[in-house]
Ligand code: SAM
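In structure tokens, the next block holds one chain alone, the form predicted on its own.
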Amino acid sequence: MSAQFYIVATPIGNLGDITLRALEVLKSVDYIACEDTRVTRVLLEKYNITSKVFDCHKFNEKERSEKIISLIKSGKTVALVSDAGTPLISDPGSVLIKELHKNNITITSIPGACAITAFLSMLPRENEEFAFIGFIPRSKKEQTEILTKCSHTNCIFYESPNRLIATLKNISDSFGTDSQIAVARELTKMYEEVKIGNVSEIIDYFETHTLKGELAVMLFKKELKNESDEELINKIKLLKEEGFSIKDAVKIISVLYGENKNKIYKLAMK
């Protein structure tokens, strides 16, 4: 135990995915800071871990940062865990880590389960490049903007079950029904499932299935193809209906389809 503060990855579903080193650290530290003590206690009780526990989430992170720094300066050791997976990957902790660095406190990470890497390992990809955007925004406009920005590569995001269909329909409207999608649910659990297909097929499938827990989604990189003037005009109209300016619509279509901006602008003016 050479560090003062530990970032510890915990299982994303199957409790058997905890590492031996993670168990050693959680048993050895004086305190464990976690998102939800009720969730973390399930894991701790399974492995007979008796370290003291307190909550540290996005609503009290600044206050808890002061407590953790005070504990460490008094000679105690602290571990941070999230409800599932690797802390700070679409989870709270950035405020705390910033404060720990300011106070020159030694930090080490205990690697383990992470939904992103588990998901990626099951997908067919031509290269290692990908973009991860965390939880995708709720509004259609923000979704289209961020997915357009990442359209040069495979783009992974998290989504909630009750918003999945709406998000997929927005992708279909903005990027075409032939857009390739992968969706993972219940990763590492009994009903683990990964579905891959065009966005229309994925929508049809999940409209008839009950979903639980966070979902991992990947929008595959779209291969550029020559679009007819009529198809480009229809896409301009769609983007304008969603509230995009002509300037933004021209930029989005240019990035997505590799078309000349001047050509698209002239079509938009029609």
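Residue indices: 1-based, along the sequence shown. These numbers were taken from a predicted model, which means no experiment stands behind them.
Heads up, the form predicted in complex with the ligand isn't pictured, but that's what we're talking about next.
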### Query
With the cut-off set at 4.5 Å between non-hydrogen atoms, does I89 touch the ligand in the model of the complex?
yes
### Query
Might E61 be said to contact the ligand in the model of the complex, defining contact as any heavy atom within 4.5 Å?
no
### Message
When the contact criterion is heavy atoms within 4.5 Å, does G85 count as touching the ligand in the model of the complex?
### Response
yes
### Query
Heavy atom to heavy atom, is F130 within 4.5 Å of the ligand in the model of the complex?
no
### Task
Tell me, out of I236, C34, I68, L215, which residue has a non-hydrogen atom within 4.5 angstroms of the ligand in the model of the complex.
L215
#### Entry: I97, A113, I105, L123 - the one with a heavy atom within 4.5 Å of the ligand in the model of the complex
A113
#### Entry: Residue stretch of 137 to 145, 178 to 186, 97 to 105, 73 to 81 approaching the ligand in the model of the complex, non-hydrogen atom distance within 4.5 Å
178 to 186
### Task
For the stretch 127 to 164, return the residues whose heavy atoms include at least one within 4.5 Å of the ligand in the model of the complex, in the order they occur.
F135, Y158, E159
